[in-house]
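Consider the single chain below, provided in structure tokens and representing the form predicted alone.
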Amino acid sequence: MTFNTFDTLQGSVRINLEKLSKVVNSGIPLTAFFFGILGYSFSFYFHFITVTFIYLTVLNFIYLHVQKRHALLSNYGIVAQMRYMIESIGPELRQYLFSSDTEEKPFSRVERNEVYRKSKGIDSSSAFGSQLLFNENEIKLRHSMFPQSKESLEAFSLCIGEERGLENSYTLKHPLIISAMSYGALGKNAIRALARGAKKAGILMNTGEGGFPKYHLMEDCDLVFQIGTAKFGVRNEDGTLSETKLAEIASFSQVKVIEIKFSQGAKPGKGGLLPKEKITKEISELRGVPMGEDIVSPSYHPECTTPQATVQFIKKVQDISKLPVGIKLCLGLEHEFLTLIQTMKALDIFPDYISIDGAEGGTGAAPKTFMDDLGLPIYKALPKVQNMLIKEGVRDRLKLMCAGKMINSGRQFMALSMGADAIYSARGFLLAIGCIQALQCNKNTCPTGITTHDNHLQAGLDIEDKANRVQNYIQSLDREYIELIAALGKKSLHELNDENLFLEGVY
């Protein structure tokens, strides 16, 4: 049986939108007229339905004959509005009803649930078998036939700045650092929850490039102050570095390290982006920018147009701050990075660490093509950087860090085995404080109150509860670190190397 508004195609039913819209568009006013007659002839209560369909008739008329922005609405009326409504909830339908446990991006339900359970202090073990595919194009950790005793393992310790004999060097007691997330990208409650959790867990936290770290400082955790290309918080009117403002920031007891951001994995070659919807009066004042406009940071530091100038700029920040100074970048053209290293070597000036950000890294907002098509993934970039540093004979002059979807101990150990000394993670900690991967970070509508400045949405984020989740997450990872180090036959994280990796088909 075939209806006017449906076509049959190879045994399935396909909606004919043109016919359906004609039926609906004529049926709405007819229904209003019909119930109007019923209301006039039988009962006043029918007019409640009459009014509803009169409203729909007017709305449909506007869609069809008044508005001109949407061709679908002009052609099909209210039926097309149903399409927009379904499209708007499509991600939620796929996430909760249709996608398998392993196919969502950027993090699957399996990956997210592991972090959720860790952050809640719940057993995160699995049963029956891995849900991942196993083939030759993957990376695996190689275990030892002779595991170490857990009692013989050495505690982690990493001193940043020791290569320069720095008086204000900083010692990490944990290999995981909360990666750069600014006040602006995140709301104040999320910042405070992460900072308080960092304090509880005894880990370092990066402020991001958002200017004066008001809410980061409030919770008294150890901080990396990041200098982005816009130099929010430490810039002169012309966009150059303010020595006075940098010295003031460096004088805070909570600020232990300075980081210069040259590029970011999610948008290499482009500066930071904060949509105007997320700019409050307070953010405008902290960053020194106008409200009502997108904040688009420059794509480079004006002081850093050559390798020599870049190295001298690093030295300038070191001299002003008197603190360990690192640099962050996403690897692009390898010969340019090699030239930078060779320039450091020639001038005998090195940052205290280099952090390599993988192209799979996250961000609050970025053009899609930059997010999808630029930069090297971390497992491609990290070995290249490690090998260049070794080949130039300067690997012992600095520490090497990395970032890029490092939310679980397995991926972290793979990076540590490729040469990283410590790991940055942002989204792992966002998941720990309740992120549901709604993918609305750039819209000020985050349903969990994390990446929004809407007071109503932020009110649902309890700072103390989420801080405890950060601490639980770190403690759960610590327990897995012990298990993994012992299984790999090592006594400390510093002993990890590429012999621990199965890499066939990857490089």
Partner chain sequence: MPTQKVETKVLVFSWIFQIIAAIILGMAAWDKIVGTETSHYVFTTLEMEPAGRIIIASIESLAAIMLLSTSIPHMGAVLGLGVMMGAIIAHISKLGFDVNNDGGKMVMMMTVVIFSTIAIIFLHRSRFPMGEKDTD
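Residue numbers count along the first chain shown, from 1. For clarity, a rigid core is taken as the largest C-alpha set superposing within 1.5 Å between two forms. For clarity, every value in this text was computed on a predicted model and none was experimentally measured.
The same protein has a further form, the form predicted together with the partner chain, not shown here; the description that follows concerns it.
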Would you mind picking the one in 471, 448, 50, 57 that has a heavy atom within 4.5 Å of the partner chain in the predicted bound form? 50
Name the single residue among 81, 284, 363, 113 that comes within 4.5 Å of the partner chain in the predicted bound form, judging by heavy atoms. 81
One stretch from 58-66, 472-480, 450-458, 23-31 that, in the predicted bound form, holds residues within 4.5 Å of the partner chain by heavy atom: 58-66
Is there a heavy atom of residue 132 no more than 4.5 Å from a heavy atom of the partner chain in the predicted bound form? no
Residue 444 versus the partner chain, in the predicted bound form: is there a non-hydrogen atom within 4.5 Å? no
Using the partner position in the predicted bound form, report whether residue 73 sits within 4.5 Å of the partner chain, counting heavy atoms only. yes
Looking in the predicted bound form, any heavy atom of residue 346 within 4.5 Å of the partner chain? no
On a core-based superposition, does residue 438 travel 2 Å or more at its Cα between this form and the one not shown? no
Has the Cα of residue 482 moved 2 Å or more between this form and the one not shown, judged after a core fit? no
Does residue 455 shift between this form and the one not shown by 2 angstroms or more at the C-alpha, the core having been superposed? no
